[in-house]
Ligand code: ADP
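Only one chain is shown below, in structure tokens, and it's the form predicted on its own.
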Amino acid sequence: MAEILVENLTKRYGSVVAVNQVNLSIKDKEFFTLLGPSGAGKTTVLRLIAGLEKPDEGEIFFDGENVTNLLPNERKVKMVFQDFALWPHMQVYDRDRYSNLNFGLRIRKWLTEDIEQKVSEVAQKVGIKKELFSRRPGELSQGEKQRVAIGRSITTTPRVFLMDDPMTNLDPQSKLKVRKEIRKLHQDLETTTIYVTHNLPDAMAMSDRIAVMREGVFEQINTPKNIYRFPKNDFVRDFFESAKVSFDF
């Protein structure tokens, strides 16, 4: 849905340089992962692309359009946060009231019948069972919350889909299943997806390309296979070895 170009992007918080003159080109419909340890600047890059933060220097382009100063809704991006950011007082879905799955559609003045059809399609796509509709987020498991958060974000097809490590709190068995679901969802939506994580197996399993990040800069950008086989420097090599996981390419 969008080719993304980042040029000389810099973000400071006081004396701390969170993102330092980074350049990045993400292809249309690519699943691109920002990978690195905590504090590397991954989420800051994601928030800059989303429009939730404003850069101190540099520019961001979607399909050649400069979006650096546009608001998130003007960029037509959707973001799934690490804590899911669901409305705690709202049900998963309520046909007649504002709820987590229909909120964005109701404020856009969609007809009730059209909302019902769209929510049904989305729920089926991401695996939200109808018996969950009447529940509130506090009554859902972590996996169920994650599905609702993703479902809410795709009720209107985003230009760019941004995910800030939404699998952090999932157990290993659920994580394996959700990896496949996220990848399939990306393929079905044909949307450019940017995924942030510190988890190497997640990045290797889902990504078309990976940017390994440290202290606000990109150490290496390439396919999972090429980074694994040909790490650019000692940091990248050590980061992959620290996971104590081997990959079969």
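All residue numbers are counted from 1 along the displayed sequence. Because the structure is a prediction, the values reported are computed rather than measured.
Keep in mind that the form predicted in complex with the ligand is missing from the display, and what follows is about it.
The contact with the ligand in the model of the complex, taken as any heavy atom within 4.5 Å, belongs to Thr43 out of Thr68, Thr191, Thr43, Asn222.
The closest non-hydrogen atom of Val236 lies beyond 4.5 Å of the ligand in the model of the complex.
The ligand in the model of the complex comes within 4.5 Å of no heavy atom belonging to Phe230. The closest heavy atom approach of Pro201 to the ligand in the model of the complex falls outside 4.5 Å.
Proximity of Val22 to the ligand in the model of the complex falls outside the 4.5 Å heavy atom cutoff. Note that among 54 to 62, 202 to 210, 33 to 41, 178 to 186, the stretch whose heavy atoms approach the ligand to within 4.5 Å in the model of the complex is 33 to 41.
In the model of the complex, Ala18 is the single residue of 17 to 33 with at least one heavy atom within 4.5 Å of the ligand.
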